[in-house]
Every structure is written in structure tokens, then in C-alpha cells.
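The chain below stands alone and is given as C-alpha cells, in the form predicted on its own.
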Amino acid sequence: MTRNTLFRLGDWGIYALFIVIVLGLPLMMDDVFWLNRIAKYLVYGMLGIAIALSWGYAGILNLGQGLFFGLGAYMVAMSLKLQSYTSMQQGSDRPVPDFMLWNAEPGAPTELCCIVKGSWLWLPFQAQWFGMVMAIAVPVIVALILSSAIFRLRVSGVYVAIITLALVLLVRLLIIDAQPVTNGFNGLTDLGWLTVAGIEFDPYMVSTYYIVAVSTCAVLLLTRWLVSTRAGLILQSTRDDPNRARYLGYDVAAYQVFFFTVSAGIAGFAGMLYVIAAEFASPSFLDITFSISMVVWAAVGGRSSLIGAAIGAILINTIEATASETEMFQEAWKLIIGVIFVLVVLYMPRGLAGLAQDLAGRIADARVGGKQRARTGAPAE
């Protein structure tokens, strides 16, 4: 058995172990609170996959991934908001978000409130399927337009990071300023539950956890397949030397646009799942710190490894939650996360995945070398 074969077997073994643990966790844990929390961490793991796809494989450092996550979250939150009890009890022929009535002038009729406050934007979201479709479609469309404009002009490197960072700030300000329509700083709360075929999914139900868990595993496997295709190999060549790829006749911009858009679609899908599990959407999803945190997760786990970035995101958020709830580290948990990131950058630049690959390489070399010595009868070194 060759070294490469051992690597492939080990790689797929890690994927299989991750999937078994994620899907089997409810069988080992009966605490619904922690199960819901882990579902949120799995969503963060999906964001780590999206960052690894764009940064690690495409070489595109996106510091505004929170834009696509936030858009996906708000799209489905608008639909679930209209499914909530408070919106359904407004006495109108159609549901009205409660905050629109709070912002209305005293005595103003509900229909007038709908017209003045811009509830026409909310009307299509009465259908829950529409909100779920828009949660993926809107981030994809925005990413397609943005990436086409950037990569067709051959903008690269730090300039892409600056543009995405500025854009997420701009959209955050727009959402906050449009308080009559979006509820501003307060975000969208008091949401209804996801309903499929008449079945309501309580965020603390095991079935809701499985929606998130199965989705995370599916995204992980699909992206793993995608980067192993011919398009994925060409993408990695454009990352390493775009000029050489252009010389060989490849449309570098087309590959960059495609994978950037796929990454945005994954982030939008993650935003939708997070709202289902957490029951709120907030402008904090579009904060700079949140977008940069995603990059930290991918760097710790290994930006060149999809499963490494996912595990890094889950691990960092678990440590963060545990440290912030421990009395000794309540004020210092951010410092702990910062120290972890600095140590990883200095001593493990390829993240945890790189460390695991190095260990696996040594084991594979030792095993292959031992078999060769056994065949030749040579003494061990």
C-alpha cells in the first residue's frame, strides 16, 4: 500500500468519523439545551467550510462573509416572523410584523401602517418556502454580481478583502437605518417555528438538530467532491499562479466567480439554519468582528482543509462558550481565543489539519518503510 493510498484512506476515515459523531450525538446526549447549542456550532462549521472554499482553495480572502450569512438569516427570519403568534394576531387580512405597529402613529389603521412603513416588501414572505428560497438565492445573486465586477477587472489580493469588508459595513448600516422595515438594531425576534408539511420544528427538538446536522454533513461531502473535480483542480492552479493559468487558456475569472458564489450560497444556507435553531436575526451578523472570526476559525482548523476548517470553527466556539461561562475566565475568554490564534499562526501555519497531515505522513512513511525493509530483509535504521 503506497503512501498516497494511506493518505486517502486516512482522509476519508476522518470524514466518516466526523459524520458518525455528528449524527450519533443525540444518542449519547439527552440535554436539549446543549444539543441546540451544538447545532449552532455546526452552522459555524458550515461557515468554516465556506471560508476554506474561497480562501484556501480559491485564494480569495473574503472579510465580508457575514454579508451573505446575514442576508440568508434575514430572508428566512422575515418569513418566520410572519408565522409568529404576534404577527398573526394583528386583526388584519394579512400578517403584519409587530414592530411596524409599534412604530406607527397612535390610531393609525393597520392597512395605512402597511403602506407607509413599507410592508409591501414583506408580502411575498407570507409563504415560508419563499423565505427559504430567498435565503439562498439573494446571497448567490449578490455574490454573482459582486464577484463578476471584481474578478473580471482582475482585482485580487488585499483589495478584494477591502471591498468585501466595506460592503458588509454598508449593508449593515442600511439594515439599521431602515428601522421601520427591518426593526433596526433590535433585529427580528419572536419568530415562528419552521413548519414542513404541517409539522412544526421546535429549535430544541432532536429533529431540528438533525436538520442542521444532516445539512452540515451534506455540504461537507458536496464541497469535498467539488474541489476534487477537474474544476476544483483548475481552481487551485489559478490560486497558485493565475497568470500561468491564463496562458494555458483557462478563464480564471469564471472559476473565481463560480467558487466565490458557491461559498456565498453556503453562507446564506448557514444563515437560514442558524435562524431556525436560534430564533432571531440581528445586524450583529454583519459586524466586522463576526466576519473576521470566520477567518480565524478557518485559520485555526486549516484553511486548505474543508473538514479542518469545520472542526476549527466548532472547536473555537466550544472553547469560547465554555470559557465565557467559567467564573475564572469570564473576563478573559477573548484573550484566550486571541492567544490560541497567535500560537496557531506562529507554530502551525497550516492549522490543525496541517498538523494532522504531518503526523499521518510520518506514520505512513514508517509503515511503508517497514514493509519495504521486511521485503528486502534490510535492518531497521
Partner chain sequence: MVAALTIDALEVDFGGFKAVDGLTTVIDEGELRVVLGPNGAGKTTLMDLISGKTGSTGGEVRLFGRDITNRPEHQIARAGVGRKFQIPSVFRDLTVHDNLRVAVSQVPGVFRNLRLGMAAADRARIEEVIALTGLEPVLDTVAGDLSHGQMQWLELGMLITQQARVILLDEPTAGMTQAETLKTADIILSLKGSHTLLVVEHDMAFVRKIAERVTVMHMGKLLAEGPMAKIEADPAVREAYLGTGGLH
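Since the structure is predicted, the reported quantities are computational estimates derived from the model, not experimental observations. Residue numbers count along the first chain shown, from 1.
The following text describes the form predicted in complex with its partner chain, which does not appear among the structures shown.
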{"property": "Options 180 to 188, 270 to 278, 210 to 218, 253 to 261; stretch whose heavy atom lies within 4.5 Å of its partner chain in the predicted bound form", "result": "253 to 261"}
{"property": "Site test, Leu35, Arg37 and Gln128 vs its partner chain in the predicted bound form, non-hydrogen atom cutoff 4.5 Å", "result": "no"}
{"property": "Listed residue (Val140, Ala245, Ala161, Met132) with a non-hydrogen atom within 4.5 angstroms of its partner chain in the predicted bound form", "result": "Ala245"}
{"property": "In the predicted bound form, the one of Val196, Leu123, Ile145, Ala231 near its partner chain [non-hydrogen atom within 4.5 angstroms]", "result": "Ala231"}
{"property": "Heavy atom of Tyr204 within 4.5 Å of its partner chain in the predicted bound form", "result": "no"}
{"property": "Contact label in the predicted bound form: Glu200 to its partner chain, heavy atom within 4.5 Å", "result": "no"}
{"property": "In the predicted bound form, Ser237 touching its partner chain (heavy atom, 4.5 Å)", "result": "yes"}
{"property": "Contact of Ile292 with its partner chain in the predicted bound form (heavy atom, 4.5 Å)", "result": "no"}
{"property": "Stretch 153 to 191: residues contacting its partner chain in the predicted bound form, 4.5 Å heavy atom cut-off", "result": "Arg154"}
